[in-house]
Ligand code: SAM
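Only one chain is given next, in structure tokens, and it is the form predicted alone.
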């Protein structure tokens, strides 16, 4: 499908919506919350803006409760974990806020070879226990589609013996520069999971100030339409995001919402995930840390959950543990055991080496620690990737998410993959917590007659016993 290239982010319209200062009444807010909870459809920008204008603390608590209930309805109580694999900090762009920018003379430039990528992967899947990665590279001729495709094939080829079974990366998402349809087809054939590109800011005027002319990233529209090209190339799972702290966070929410609605309008498929990283200090950056408070950040995440109900929301290790705890009820994914130095998983670093990193991390805890904390909070960690490999992508997954049907698969596959991880990687302390949580989750399945049929319950029990004996990758 050929798409007319025009800026569908109407800056003046968004600004006019944001200029409205009248606080909506409680009845209006509750009607919007009801719509989001019942229909699971993206809100109108004007509706999201009304939620932003709420001043009453009590009404905000209702918004937070609705966002948490919506997440539970669509995705159950599972949290998916992953790790980023930074393969290169070579970059031809000069974004003022980024440690990778070409003008940063303090950066130590490096690109991993395929052998080094294999080493990183062996640690991630064989020692830590991750099943999915986000593969990250800067924009540079040497790390284009051919390099990414070769890296994907290498990562998928790694298989490591563990305590009882084996470790293997089952899904690799990619965070890379906007590409042509032809290049996107190459990484599609190599087995890309989700294609993730952040617009950084949807305010075109601010965008032009942050991305100097003469660099590839200075082209606002080329970046804005990269997800359209992904769909044309056959990649039907795409991810949106903005870097919060560059501009008005309210503008960015409406920009993300407008972008999601555009994809739905053109392709009938919205973003599979939405990310909302906050600006953090980076070596060589010309811009300081973000000025968004913890309370405003909580509002941002809750508003995104309600505005784009079906999308997975990803909170990252940029944030401190206490911040992550405050927003995890609205989220579906988080990273853990994260290292963002190039080659950092297979090399010992005693401290964060800023000259090798894109930004500073807020949460450097191990995956085992994170999983233990999630279990304490009542969340089961899921390593499920089955939906993608069973064809639940694109239009299929959108229908399941909007109807609430995907939560059944989420619960069942979380139980099975969590059992795998506990047996292969967990410390005794975390395993004890996990055993109690799995027992509770299985009991819930068995007690829900309408949601899970007799055959499904029987299959779950059979798969569960097979996994306990060392079999791996059984799924619904």
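Predicted, not measured: the structure shown is a model, and the values here were computed from it. Residue numbers count along the first chain shown, from 1.
There is another form of the same protein, the form predicted in complex with ligand SAM; it is not shown, and what comes next is about it.
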{"query": "Candidate stretches 131-139, 365-373, 181-189, 159-167, one within 4.5 Å of ligand SAM in the predicted bound form by heavy atom", "finding": "131-139"}
{"query": "Ligand SAM: the contacting residue among 112, 263, 177, 331 in the predicted bound form [heavy atom, 4.5 Å]", "finding": "177"}
{"query": "In the predicted bound form, the residue from 250, 217, 228, 299 that sits within 4.5 Å of ligand SAM by heavy atoms", "finding": "217"}
{"query": "Triplet 98, 198 and 318 all within 4.5 Å of ligand SAM in the predicted bound form via a heavy atom", "finding": "yes"}
{"query": "Partner proximity in the predicted bound form: residue 203 to ligand SAM, non-hydrogen atom cutoff 4.5 Å", "finding": "no"}
{"query": "In the predicted bound form, residue 282 touching ligand SAM (heavy atom, 4.5 Å)", "finding": "yes"}
{"query": "Any non-hydrogen atom of residue 383 within 4.5 angstroms of ligand SAM in the predicted bound form", "finding": "no"}
{"query": "In the predicted bound form, residue 223 touching ligand SAM (heavy atom, 4.5 Å)", "finding": "yes"}
{"query": "Partner contacts in the predicted bound form for 225-246 (non-hydrogen atom within 4.5 angstroms of ligand SAM)", "finding": "243"}
